[in-house]
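Take a look at this single chain, the form predicted alone, given in structure tokens.
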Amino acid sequence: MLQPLYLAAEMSIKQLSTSVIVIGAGPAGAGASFFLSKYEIPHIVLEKESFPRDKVCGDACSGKTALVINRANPEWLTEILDDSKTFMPSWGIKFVAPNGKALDIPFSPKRTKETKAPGFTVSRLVLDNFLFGKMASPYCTIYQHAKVGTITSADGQVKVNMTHEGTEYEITAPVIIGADGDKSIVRKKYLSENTSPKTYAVGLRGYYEGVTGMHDENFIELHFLPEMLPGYLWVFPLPNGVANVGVGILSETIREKKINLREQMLYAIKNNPQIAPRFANATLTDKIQGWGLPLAMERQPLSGDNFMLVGDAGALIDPFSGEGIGNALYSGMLAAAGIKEAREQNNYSAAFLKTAYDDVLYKRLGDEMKISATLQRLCKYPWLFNFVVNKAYKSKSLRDTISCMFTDMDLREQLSKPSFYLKILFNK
């Protein structure tokens, strides 16, 4: 009797076959899915939660986010830009140096009345649900509340065992995309030895109502407080009088200095002379939550035989700004394009995927990541921040130069060169 029972148990597992398995339906997974559907590539998306669901984040979206959404479907971006009550347009960034002096940097210094805001802020609860709602297509099958078990690779195929609503599935595909965040099970399976603790940071986020002193054009704020370096405190305006307030700092620094990040954040809000008055009548609307920030401090492998990593799973968060959403969407878009090439060549080897995906991504984003990594390291020197902000405060031409650095990578690279600081030293 034992043998028939064993066979019956095996037969109860539902077998599925597809072209791509995507683990995770956040921005990285959504970005991959959008373009897989555009290329008419069948894929199955496995999401452990159910939408709408929250995600701890800074909630700021750069022009990169808008670029990918526009490429996926221009009507989606129009929908976002026309709904300013939900997606708050942001026109710039405010840097506050350790000495308390602030510098406003517009994203579009030469804009006209027709210019659309290059960035926006929106809660991840809203954004991720918006993106998730756009994933539906004849080529996309989504399983929410999916519990992924084992992931195995053999004979050029990936097999994922998954349980959904009491039914067990075995899903087979020639390639898998890990879009499952900083605790990625796909990364753990294939690249567990390629995670450096020195590239990891921790962020905390709280939602506040009643924060005063916001910029009229919804500039996001980065406060480089002496007690936070080489991290910073941020204040990002959101619709309906809410602000996303948080801190981010390297895990290594937290360990070395034995920092209680939550206590330090609350202390700054209560006592910092530049910040405390703005929070005098503010109310924390929810608990402060934390999450891991795998930073793109150095080039790391993003693929191998039959697998790819996108977004936080690929450690693609900007080391300086902390932006993850735009890079997540962008990497998902490039991964889909790489898979299109792999399908055409019927080649999912590590060498091919590296050329089709890793090399393309680092060619487009690599310089940006290197510069951001350098700027992140410069955060250790508060006198340097004070120096640049003091000079820019007095010089309109220097302010305009720094403003252009956010859209022109050749100019932004100057920030990481000693010659830049020598020039502004003698700039009157």
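Residue numbers run from 1 along the displayed sequence. None of these values were measured; they are calculated from a predicted model.
Beyond what is shown, the protein has a form predicted together with a small molecule; the following relates to that form.
- Proximity to the small molecule in the predicted complex, taken as a non-hydrogen atom within 4.5 angstroms, holds for one residue of Tyr348, Phe87, Trp91, Trp234, which is Trp234.
- Shown without its partner, this chain lists Leu250, Ala117, Cys140, Val148 as candidates; in the predicted complex, only Val148 has a non-hydrogen atom within 4.5 angstroms of the small molecule.
- Proximity to the small molecule in the predicted complex, taken as heavy atoms within 4.5 Å, picks out 173 to 181 from the listed stretches 173 to 181, 94 to 102, 79 to 87, 299 to 307.
- Put simply, Val56 is close to the small molecule in the predicted complex: some heavy atom of it is within 4.5 Å.
- Contact annotation: Val126 falls outside 4.5 Å of the small molecule in the predicted complex, judged by heavy atom distances.
- The small molecule is not drawn, but in the predicted complex it has no heavy atom within 4.5 Å of Gly332.
- In the predicted complex, the small molecule sits within 4.5 Å of a heavy atom of Glu323.
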